[in-house]
Each structure stands twice: as structure tokens, then as C-alpha cells.
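Take a look at this single chain, the form predicted alone, given in C-alpha cells.
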Amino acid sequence: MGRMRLRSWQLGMAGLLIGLLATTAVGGPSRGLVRLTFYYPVGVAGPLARVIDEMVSDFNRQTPDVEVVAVYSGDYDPTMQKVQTAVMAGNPPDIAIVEISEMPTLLAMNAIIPLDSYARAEGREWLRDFFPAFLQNSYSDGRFYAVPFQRSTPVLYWNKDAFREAGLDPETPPATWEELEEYAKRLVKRDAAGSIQRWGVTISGGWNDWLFEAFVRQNGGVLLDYGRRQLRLDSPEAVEALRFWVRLTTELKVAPPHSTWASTPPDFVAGRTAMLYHSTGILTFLKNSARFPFGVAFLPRKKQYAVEVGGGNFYVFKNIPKAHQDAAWRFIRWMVTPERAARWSMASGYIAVRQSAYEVPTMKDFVAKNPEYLVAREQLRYAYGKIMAPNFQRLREILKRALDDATGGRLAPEAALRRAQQEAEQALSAWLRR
């Protein structure tokens, strides 16, 4: 009798297991863990990578049915290269933060999914809470593809001690191009042999194409209109802006003709430049590193104040299971809640992407004590979406070479930008004709 009951129990358990397996096989509910791969870049690897890892760990603890595996992938360019390689190999990440101008390239690769249905499910106010300038790089042909996360504008940093030493008001930065030139001439420091000990101003290299966009906007021009598919690299406004750069670097020699994006913040901290054009994303690094008082200001204007937004957006990838796409949205939504947007902003200096983040009590206290973190947010009144196009990396190479050749004295601004226009038209010919 005991053996019969045991046999009956074994048969019952076998049937139950077969039923569970069958349910899972036909797509029924499963209690399995969804594991997501997440590629992310940050400009300052060590401390900010740790912050991302901490936030991901918090999400994993709070969401037991989803595990996000965070993979630090370097700066923006290496991250895009890793994403492209993974997509072409048929093994895309589930989620990635990619530089905002790369969205058309991802679309051309058929790599990402539209997020309209997910955003609609959050309600109208959810999208309206993002700063409008940050959403300009989220749409293509009327569809929503990208959620803002680590977002910035360039700002002007100035060394107040250097201003005082040069007889300038340490609390008053230059507001115009003309003042920028005047101040830079007074701030540059040379030794007895004429060698530069301190530059008057540094317009950071590496992402100087991004900074140049802002100068062209300040002069009333636009380098590329994505919606109209119009390219204007050699417009009169762009040529005049580049002439101004050449005047600072080659003629007056108050700005270095070449620099790198990573080297210029340490140069500013070390006193090797008195004014610095760079991202608001280095603000926390400067606060933790500088041994002198410094200020943060809007970029000086020509015809108008203007700046291009920058940074990275969240994307969700195709060719992953629908359950992974749904879980990816849950993670993204969690990462951009007002509380976490505020946390990331306070840790990094990036602008909190949600307007409501500035009502979070810890954020209100933080900016009351550190008002410089509000400068870039206020500059959003004069902000525009960054240029973007398919094959964006090639477009960047073309524009950066033109800028470097002009500031290095190898080509006149008109010739450098004329060549850039011709090469970019060829590189983007299929897209421009469409």
C-alpha cells in the first residue's frame, strides 16, 4: 500500500512538472529572472561609474524579477563602437546609453525600438516633465525613441583668482565674444622668454565640434537642420565663428590651437588656463579638485545667447525578447524618476532631466548651497537640440578636421569649412536626397 501511494505521488509530481514546462513552452507565465545587459558611458570613469553601479544595485534589490548587469563601456565613442559591434554580431545589449546624435545611425542600423507606447502608458505629464530642449534629440519622423538621462550643456568656467590678478572683476565673467577676447588677452600669462604659462581661454578639443555648434547658433546660424535635411557647414555665420576661433588661437595666441576633452579640466584645476569651455558634467570634478574659487556662466553671446544640449540618452534594442524590452522600460523609468535624476545630477554635475527633480527636498537643499549647479539649467532657455544624422561619426571627423586645420593655421576658415561641406554632402548624400 505504501509503495502504491509513493508511485502515485511520483506520477503526480511528474505530471505537474510536465504541465509547468508545457505552460512555459507555449509562452505562458514564467517566474524566471529577466537578466538585462546595460552598456553605459561616463566622461569620468572612476567616481561616476561607481554611482551608476550603485544605482543599478539599488534597482536590482528593489526589483527581484529583473537583474540589470551594468557594463561600463568607456566614453561615448567607444560605447557606440561596442554597441555597433554587438548589434552587427546579432547580440545587442538590452539597454544602452548612447550619445544623443547617434540616434539616426542606430535607426539606420534598425537597432532600436520606438518607445511611444511605453511613454503613453506613463501619462501625458510624464514626458512633459522633461526639459523640452532635451527631447529634441529623442524623436525621428514623429516617433519617440530615446529617454534623456545624463544630459548637459557646455558652460564657461572662470578662475576668480586669475581674474583678480589681471585686474578684472572676479565676479563678472565675459558676456559677449568681444568681452571674451578682451579678457583672454589680459588673462594670458607668458614668461620672460614669451612661453605660455597660462592661457587666457581654452575651447576644449575632442568635442570642439559640439562647442562650435553653440558658437554658430550664437551668431544666428545652424550647422544642420535634421527635420529639413539641410547641411550648412560653410554658412557665413559658421565662417565668422571659426574666424573668431582663429583670431584667439593663431593671431592673438591667447587660446591653445589644440587640446583634448579629458586634459582640459585638469589644466583648469592646475591653473594652466584662466577660462574654460566645457560640459557642465565636469562641475563636480572641479568642485572636488580646484584649490581656488571659480565661477560658472552662460556661454558668451554674439547676436544671441545660444547653446546646444549634449550627453546621452537611453535606448532599448531590437532582436531581444519582448519580456526584456518590457523590463528594460521598467529600469529606464526607474532611473529617471525625479529622485534618481536629482541624485545623478548632484553626483555628476549633469542637469537633472526632469523639471520635478528640482523639487526633491535633497536637491532643493543642494542647489541652495551650490547655486552653480543651476547655471546650466537656466541656460536651457537658450538651448537647442544637438545636430544629428546617420553616419554621425564621419560627420564629426569631417567637421573636427576643419576646425583643427583652421585653428592650427593650416587652412583659412572659409577653405576649411568649404571642404567640410563638400565632404559631408558626399558622406550623407543618400540621406540628404531622401
Partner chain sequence: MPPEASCYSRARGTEVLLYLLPSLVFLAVFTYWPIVRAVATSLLEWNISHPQPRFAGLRNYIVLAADPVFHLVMRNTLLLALVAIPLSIALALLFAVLLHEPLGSLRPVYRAAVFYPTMVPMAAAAMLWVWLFNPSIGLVNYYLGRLGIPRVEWLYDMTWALPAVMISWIWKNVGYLAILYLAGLQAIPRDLLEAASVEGAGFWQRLRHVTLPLLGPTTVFVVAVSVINSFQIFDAVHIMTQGGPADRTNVVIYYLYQQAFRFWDIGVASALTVLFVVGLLSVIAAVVRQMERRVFYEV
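Computed from a predicted structure; not experimentally measured. Positions refer to the first chain, counted from 1.
The form predicted in complex with its partner chain is left out here; the points below concern that form.
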*Selected contact from T172, T260, T362, S117, since only one has a non-hydrogen atom within 4.5 angstroms of its partner chain in the predicted complex*: T260
*Partner-facing stretch of 63-71, 399-407, 370-378, 47-55, counted where any non-hydrogen atom is within 4.5 angstroms of its partner chain in the predicted complex*: 399-407
*in the predicted complex, do Q84, M88 and Q393 all put a heavy atom within 4.5 Å of its partner chain?*
yes
_its partner chain contact in the predicted complex: L252, any heavy atom under 4.5 Å_ = no
*asked:* Whether E178 contacts its partner chain in the predicted complex should be assessed with a 4.5 Å heavy atom distance threshold; does it?
replied: no
_Although the partner isn't part of this model, could you tell me whether A108 comes within 4.5 Å of its partner chain in the predicted complex, counting any heavy atom of the residue?_
yes
*in the predicted complex, does I196 have a heavy atom within 4.5 Å of its partner chain?*
yes
